[in-house]
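Let's start with one chain on its own, the form predicted on its own, as structure tokens.
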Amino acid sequence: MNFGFDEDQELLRLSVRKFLDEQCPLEKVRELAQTPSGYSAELWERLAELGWLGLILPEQYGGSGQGWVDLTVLLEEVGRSLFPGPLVSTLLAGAAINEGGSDEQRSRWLPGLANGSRIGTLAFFDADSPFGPDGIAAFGQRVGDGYVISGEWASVSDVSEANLFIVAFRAANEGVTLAVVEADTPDLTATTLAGIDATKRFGTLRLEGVRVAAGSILGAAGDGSELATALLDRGAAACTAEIIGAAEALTQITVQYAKDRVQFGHPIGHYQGVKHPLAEAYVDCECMKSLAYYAAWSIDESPGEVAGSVSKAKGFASEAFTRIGVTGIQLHGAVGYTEEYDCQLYLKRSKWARPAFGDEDYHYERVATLGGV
């Protein structure tokens, strides 16, 4: 196994970094965070032109046909910049249709997701559901070869920007079913809620007696638990990739502050009480990378290892990123949490990322269960 990135992947990293540094520095991120939509339609079109929205989709549907290791490279740099927008949501919606849909469904929806004309997201859980496939509780009533669905899904990423929802529900005496519901469907309501991180929008999706035809069901009706699990794992892997970039960026910001801030005649980085936490943050970042890269590789190459490798990566990243966020604020002193300083933006991202696609408690318990504990 080659544990390094190939030339194309390194070129992808450089191009993403150059684009984001030029087009969406933190000043732009702050500006977009204050807008109603939370992202730039112009930048979204540029991402589509660069092929990033369809990076993991097949070429015949407008994608680039790349794998999850390539996507991890992209998302790591996106996380480093705190890039605001429905990128991960749309990538996961594309993965859902690509992995669970028919050729006709792929032809109908994937080109729009790849070219940016469609924005997708997942809607799986209500407000009281535990995380995981067993927590999917919304109910659908069988009507002919389709369903009538009523329910409310909570914590739906980019809910107001999306025009394509991958909705999970159950019918009587059936397992999980996944369906594609378009935003212009009658009796569908999407509401954005206030969150701690303005660069990551989420909210609730409500369906009231919405009819879903058989042509919108992904895979076999009542047999969607395996696909739902795969999507949650892919979401956790994507979130972890963003965490890596954000955690590294925050560590670098704090290191620079420790070099610049002088106290008692020395830069504060001179003192062990500052050096040691920064060294620990660096080690945490490197550990996150090893776990996340292996998880991405397993999605591409070793399906049997996905559950364990993804949970190890997301569990550790959830815990470590929060710790790095708190350390950054502490080493900046009282000014660290003020709007003027960038480190508070990364702390807020850590608070969003911790529960996204399962927190450390969920993933550590899952690892233990998979290990027979």
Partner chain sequence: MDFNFSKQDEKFRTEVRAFIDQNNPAGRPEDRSPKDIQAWNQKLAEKRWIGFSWPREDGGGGGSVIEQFILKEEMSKAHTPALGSDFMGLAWVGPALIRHGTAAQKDRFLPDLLNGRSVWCTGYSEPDIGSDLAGLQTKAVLDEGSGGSHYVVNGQKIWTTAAHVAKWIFMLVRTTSESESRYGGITCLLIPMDSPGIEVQPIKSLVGYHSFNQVFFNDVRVPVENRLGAEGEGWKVVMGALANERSGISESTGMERQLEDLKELARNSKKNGRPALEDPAVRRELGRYESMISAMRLNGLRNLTKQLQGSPPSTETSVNKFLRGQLEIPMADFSMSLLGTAAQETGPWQTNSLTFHGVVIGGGSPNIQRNIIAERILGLPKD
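Positions refer to the first chain, counted from 1. Here the structure is a predicted model, which is why all the values come from computation and not from measurement.
Note that the form predicted together with the partner chain isn't included here; everything after this is about it.
Judged against the partner chain in the predicted complex with a 4.5 angstroms heavy atom cut-off, the residues L20, G38 and I217 are out of contact without exception. The closest non-hydrogen atom of T338 lies within 4.5 Å of the partner chain in the predicted complex.
A residue is said to contact a partner when one of its heavy atoms sits within 4.5 Å of a partner heavy atom; A356 meets this definition for the partner chain in the predicted complex. The shortest heavy atom separation between Q272 and the partner chain in the predicted complex is within 4.5 Å. Shown alone here, P111 lies farther than 4.5 Å from the partner chain in the predicted complex, counting heavy atoms only. Checking A279, A172, A213, V143 for any heavy atom within 4.5 Å of the partner chain in the predicted complex turns up a single hit: A279. Note on contacts: among T199, S81, S155, S160, the single residue with a heavy atom within 4.5 Å of the partner chain in the predicted complex is S155.
The stretch that touches the partner chain in the predicted complex, counting heavy atoms within 4.5 Å, is 285-293, out of 182-190, 95-103, 115-123, 285-293. Contact residues in stretch 247-265 (any heavy atom within 4.5 Å of the partner chain, taken in the predicted complex) are V255, A258, K259, R261, V262, Q263, F264.
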